[in-house]
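Presented as structure tokens, the chain that follows is alone, the form predicted alone.
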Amino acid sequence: MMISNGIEDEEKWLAEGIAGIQHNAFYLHRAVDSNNLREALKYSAQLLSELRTSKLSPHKYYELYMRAFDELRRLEMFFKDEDRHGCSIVDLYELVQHAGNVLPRLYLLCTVGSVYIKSKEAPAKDVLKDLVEMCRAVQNPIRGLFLRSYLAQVSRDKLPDIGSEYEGEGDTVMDAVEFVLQNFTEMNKLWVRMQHQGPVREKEKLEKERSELRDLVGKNLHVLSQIEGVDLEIYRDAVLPRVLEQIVNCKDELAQYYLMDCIIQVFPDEYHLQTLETLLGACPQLQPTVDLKTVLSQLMERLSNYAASSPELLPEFLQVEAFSKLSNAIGKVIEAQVDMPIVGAITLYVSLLSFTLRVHPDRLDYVDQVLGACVKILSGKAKLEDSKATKQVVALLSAPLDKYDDIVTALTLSNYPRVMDHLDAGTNKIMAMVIIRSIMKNKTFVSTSDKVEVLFELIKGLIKDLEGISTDDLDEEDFNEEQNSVACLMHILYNDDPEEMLKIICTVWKHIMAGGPKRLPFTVPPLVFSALKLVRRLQGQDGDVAGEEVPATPRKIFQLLNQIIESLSVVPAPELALRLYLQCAEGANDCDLEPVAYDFFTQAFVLYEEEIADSKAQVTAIHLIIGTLQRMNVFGVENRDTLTHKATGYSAKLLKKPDQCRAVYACSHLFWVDDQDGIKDGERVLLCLKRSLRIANAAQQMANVTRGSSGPVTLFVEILNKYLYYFEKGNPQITASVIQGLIDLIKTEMQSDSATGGPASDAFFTSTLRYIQFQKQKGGAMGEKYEPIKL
């Protein structure tokens, strides 16, 4: 209630003030129109007396001031015209000083002073000095601030600057600088003193009001920056030291933050670069609560943009040692501001790092130095809990990746992994994903085992369980995505030198073994294929190379591959291991290493026998074994017979008859390889096909017993297609009469009452007959072969 009363009262006082100004303005206008100087001075003094109030807040006082300001502009026009009032400007300057109250007197004096300077009857510097000194008479913060703001306003275009019409004899630029600096200093003192003007309970409101008036003070710095005569030398020796002295001595948080920001924004970047030491030297002397991280970040941002504007500026940055000065200043500020939260310190280093990456991208030592400073801040503290600080550390670590587009450069930074160690487990993994994405996006090959070691140390959050997080706690989808990213990464690790490539594979193997069984199904396959790629590059190098301790030979790599795939037994993942063993067997086949290939097949059969129990998995596995074995050409007769015998034996032992049938007719390909030197054993092919027919027949009868119908004849049609394949390939055992018998058998089956020829098997058989008909009509040698078959 009290607050609303206060607001109402203030509105009432403002209305009274405005009414007073309007009342006196009416008589002032009448006096001006009748060229009556005495009356004009009398009513203008009364009008300005309304500004003597102490009842209004700065916001309301500003409204009142603007009303008076408009009238003063009109009065100034009257004072300029000597013909109208008949009084010389010198006499007028004396006359207005007889006003009864100090505030109206000084407003009138500033107004006449402005006309006095314009008349050039006295040097501008003398009038300005007189005015700035006289304004000291008003020490009430609000009234004094607005009075001095008026002085700054009327004098800004009348400063004795170089090239200005008011430039006098001697060093007048310094007089202009001195006038603005003095006005600035006095205004700042008044502004700072405002905080003590009201009751303590309204401190927050007072601070807000003070903040609204900050531009009145800051305008002086803007005027200083606009003075043509203020070159680097004057700025360095006169302007900056005086301004900084005032900022440091005022010991006020709001003023210090705002004015430091003003300096950075209004003066040229070139000046900042050349006076960096002086400017930065003031930072540790400021109040501990001043938000220096924002001030310094803006300074570094401006300097970065300045450096980017022209490559020729780089020597200047090196000459003034900008990086080391900024780095030292940040260190001192962090020391001075004991209570600065960790996020503030890291934000400063993020800004310094982006400055370094933009200005000195080639200086990796600088980048590492910044990261080292962060390690120093973070060390001794527990893992980061503060999400804002964590975000800043991620920004710090991401900056070099974005800049260099090359993870290899980041890998040379010794402090990079040390900063990562301070992240909590979750963020560590996010950062690891950022690193992997950067590598994948830029297709950067990591080409030495040492760099791979550093890289895997960086992404260890994805490769093994960190403290506090186990694989069981993770979301399945996220876990799969992370591990697939690691798998992709493995294909980017590459070196043309086989020796180094083998070292890389061993390094990766060492790291993924520490990751626990859940990760192995994702990480083992890419590693196996990476090793097989190396094997194919080394084909033909079977023996040891003389003079080398650890030569990278296929045999040696296959030994390693055996260990790698064996590690899947702890998962367990027998189906995956079987596939990988068969891939390795193919690799050994290409390298002409019969014992190694045989060993891999043996391992695959052992897995099939002992580990793969599911009937569907068995079907898939036996077909993979048959397919791989068919392509092998390294085996001698004895080994091939052993493996073929195993494969056909397991085929016939599958659980379901249709699966048995299909696996057995697939085995027929093991005895007929359609290559120049391939095995072509027609009798054993026929044996397989006959055996599959018997199984198909048994399956048909079993279906008849259990369902009362013999089921579709698809299996017979499939076997017929195999017969046709070998018939065309020239197997002497497969004759037209054998095929004729099979066609008749299928037709009989399809016509029998118990058969339920499904639409799929009917279409399949029709299509097969159509193919035979097509071959017959085609003529030539093939047409003759097909001729005896009657459809």
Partner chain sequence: MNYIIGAFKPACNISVTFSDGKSRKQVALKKENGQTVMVPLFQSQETISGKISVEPVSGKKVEHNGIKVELLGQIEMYFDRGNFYDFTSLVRELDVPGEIYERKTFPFEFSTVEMPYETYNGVNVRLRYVLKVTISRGYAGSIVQYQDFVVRNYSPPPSINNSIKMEVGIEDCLHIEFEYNKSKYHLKDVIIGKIYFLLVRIKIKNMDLEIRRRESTGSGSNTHVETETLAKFELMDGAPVRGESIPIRLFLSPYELTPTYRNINNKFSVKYYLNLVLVDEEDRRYFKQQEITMYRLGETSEATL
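Residue numbers count along the first chain shown, from 1. Fair warning: this is a prediction, and the values are worked out from it, not measured in the lab.
Quick note: we don't show the form predicted in complex with its partner chain, though the next part is all about it.
The candidate stretches are 225 to 233, 257 to 265, 188 to 196, 713 to 721, and the one lying within 4.5 Å of its partner chain in the predicted bound form by heavy atoms is 188 to 196. At the 4.5 Å threshold, heavy atoms of residue 491 stay clear of its partner chain in the predicted bound form, well away from it.
Contact between residue 308 and its partner chain in the predicted bound form is not found at the 4.5 Å heavy atom cutoff. Contact check for residue 365: every heavy atom lies farther than 4.5 Å from its partner chain in the predicted bound form. Interface membership of residue 211, defined by any non-hydrogen atom within 4.5 Å of its partner chain in the predicted bound form, is ruled out. Of the listed positions (453, 590, 130, 611), a single one reaches within 4.5 angstroms of its partner chain by any non-hydrogen atom in the predicted bound form, namely 130. Residue-level contacts in the predicted bound form: of 101, 615, 412, 387, one residue has a heavy atom within 4.5 Å of its partner chain, and it is 101. Applying a 4.5 Å heavy atom cutoff to its partner chain in the predicted bound form picks out 133, 134, 136, 137, 138, 139, 140, 143 from 133 to 149, in order along the sequence.
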